[in-house]
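The form predicted alone is given below as one chain in structure tokens.
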Amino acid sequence: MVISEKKPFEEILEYLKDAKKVVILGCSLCATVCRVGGEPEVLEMKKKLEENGKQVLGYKILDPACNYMQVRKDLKGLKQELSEADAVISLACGDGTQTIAKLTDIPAYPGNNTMFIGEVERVGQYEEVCLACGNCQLGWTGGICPVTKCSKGLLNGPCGGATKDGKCEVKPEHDCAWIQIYEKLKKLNKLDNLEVIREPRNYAINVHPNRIDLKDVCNKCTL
């Protein structure tokens, strides 16, 4: 899931310093789970903007904000409001905000900061688990990502700097990822995985912006 947090309201007001009429858009998926872009947060933003002299012409929870075709369809229901508005405030993640910006002719400002791809441990608690590096290593690590979980991102660990209680020397509050990997592989009877020297990460496959077209993928499969 994409984890986001609210931007400081003062930063949003600065975006809107020249805007009087505003439309607010949330997102039904990740931002709703993170409690930064669901209906309660959209209504809260509406109230705060109105208290600061802005006119909120309309709002909608997009389902979801990162789906180009769906957002285009959803925004048709706000066609009149968007034609009169000076700006849009997006309470989606950065992906959703860019989709909204692509489909509107007025400025679309982010109301959230996108933090990371993470796991929901429980309501309100999230942990980063994936850097979207483009070359997943989980197949030989027992499902624990060394790229994300190791502070140094090592593929051939451990570094030797872990403390006696199994903590990371870089971030002492974190458990050493490589001790976790060792313990998990031991449990799976796969410790021999650690005897293989891994090639350095190929950063060329992670040049941005990335794009996948499933038609191209299918064509390659038939060759």
Partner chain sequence: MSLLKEAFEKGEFAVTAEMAPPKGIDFTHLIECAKAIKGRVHGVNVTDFQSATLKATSLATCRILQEQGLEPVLQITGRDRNRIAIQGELLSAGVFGIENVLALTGDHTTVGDHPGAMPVYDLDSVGILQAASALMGGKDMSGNELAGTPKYFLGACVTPRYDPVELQVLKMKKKIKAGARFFQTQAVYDMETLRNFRELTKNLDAKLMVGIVPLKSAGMAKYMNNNVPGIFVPDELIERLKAAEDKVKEGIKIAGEFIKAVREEGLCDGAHIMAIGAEENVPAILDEAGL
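Just so it is clear, the model here is predicted, and its values are computed rather than measured. Numbering follows the first chain given and starts at 1.
Just so you know, the form predicted together with its partner chain exists too; it's not on screen, but the next bit is about it.
Within 4.5 Å of its partner chain in the predicted bound form, counting heavy atoms only, one of 22 to 30, 161 to 169, 52 to 60, 35 to 43 shows up; tell me which.
-> Heavy-atom contact with the partner occurs in 161 to 169.
Its partner chain in the predicted bound form: within 4.5 Å of a heavy atom of each of Phe116, Glu121 and Ala132?
-> Verified in the predicted bound form; spot residues all out of contact, no.
Interface membership of Ser151, its partner chain in the predicted bound form, 4.5 Å heavy atom rule = Answer yes; at least one heavy atom of Ser151 falls within 4.5 Å of its partner chain in the predicted bound form.
Does any heavy atom of Glu199 come within 4.5 Å of a heavy atom of its partner chain in the predicted bound form?
-> Glu199 belongs to the contact set for its partner chain.
Flag Pro64 as yes or no: does it have a non-hydrogen atom within 4.5 angstroms of any non-hydrogen atom of its partner chain in the predicted bound form?
-> Although its partner chain is absent here, Pro64 would stay clear of it in the predicted bound form, with no heavy atoms inside 4.5 Å.
Is there a heavy atom of Gln70 no more than 4.5 Å from a heavy atom of its partner chain in the predicted bound form?
-> No, Gln70 sits far enough from its partner chain in the predicted bound form that none of its heavy atoms falls within 4.5 Å.
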